[in-house]
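One chain is shown next in structure tokens, namely the form predicted alone.
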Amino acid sequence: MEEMMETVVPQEDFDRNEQRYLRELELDGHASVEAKFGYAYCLVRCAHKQDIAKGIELLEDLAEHHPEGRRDYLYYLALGEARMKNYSVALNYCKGFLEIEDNPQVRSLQEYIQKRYDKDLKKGMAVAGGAVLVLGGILGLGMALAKNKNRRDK
């Protein structure tokens, strides 16, 4: 699962899907479900957060207006949100998928996202704890200096 989360879409696949999507938009004013999904699939697998966010937006639109492909959209929404580090949202998409059908690949993604979420939460707590210690040290030093100054002034 780590490999899937870290793999970036090949540029030639991205270019092909983007061109198809844009061509259909230009010709008809809207893109087919297939073109939109292909482009969104590539976007959520890009390296840049702006691209991933655009892919998520397209997938959300597809999930809302085309329920026949909802399970695929939910899977890639979970993947995209996890790549954006929106773990709670990603877990909700996994849950939504698993309500439609039980799937070992989605369960694996869900477990992976939960581990990443827990790991990032621990990192955040460690950083916050470190900041509290630093702040406490600064306050303690300030109080000691103030006490020392009061002794000298007497």
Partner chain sequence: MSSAPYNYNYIFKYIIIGDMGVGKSCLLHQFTEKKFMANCPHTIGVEFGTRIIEVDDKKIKLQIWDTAGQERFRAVTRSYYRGAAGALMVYDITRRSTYNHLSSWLTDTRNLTNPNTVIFLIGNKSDLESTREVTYEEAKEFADENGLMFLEASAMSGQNVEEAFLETARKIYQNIQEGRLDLNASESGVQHRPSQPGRTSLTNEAPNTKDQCSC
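No experiment lies behind these values; they were computed from the predicted model shown. Numbering follows the first chain given and starts at 1.
Omitted here: the form predicted in complex with the partner chain. The next part is about that form.
Trainee: Using a 4.5 Å heavy atom cut-off, which of 36 to 44, 22 to 30, 86 to 94, 53 to 61 contacts the partner chain in the predicted complex?
Mentor: Going by heavy atoms within 4.5 Å, the stretch is 36 to 44.
Trainee: Does the 4.5 Å heavy atom contact test between residue 118 and the partner chain in the predicted complex come out positive?
Mentor: Residue-level check for residue 118: no, no contact with the partner chain.
Trainee: Is residue 48 part of the interface with the partner chain in the predicted complex - any heavy atom within 4.5 Å?
Mentor: The answer is yes: residue 48 has a heavy atom within 4.5 Å of the partner chain.
Trainee: Does the partner chain get within 4.5 angstroms of any non-hydrogen atom of residue 113 in the predicted complex?
Mentor: No, residue 113 sits far enough from the partner chain in the predicted complex that none of its heavy atoms falls within 4.5 Å.
Trainee: Would residue 101 sit within 4.5 Å of the partner chain in the predicted complex, counting heavy atoms only?
Mentor: Contact check for residue 101: yes, within 4.5 Å of the partner chain in the predicted complex.
Trainee: Within 4.5 Å of the partner chain in the predicted complex, which residues of 46 to 81 have a heavy atom? Give them in sequence order, or say none.
Mentor: 46, 47, 48, 49, 51, 68, 69, 71, 72, 75, 76, in sequence order.
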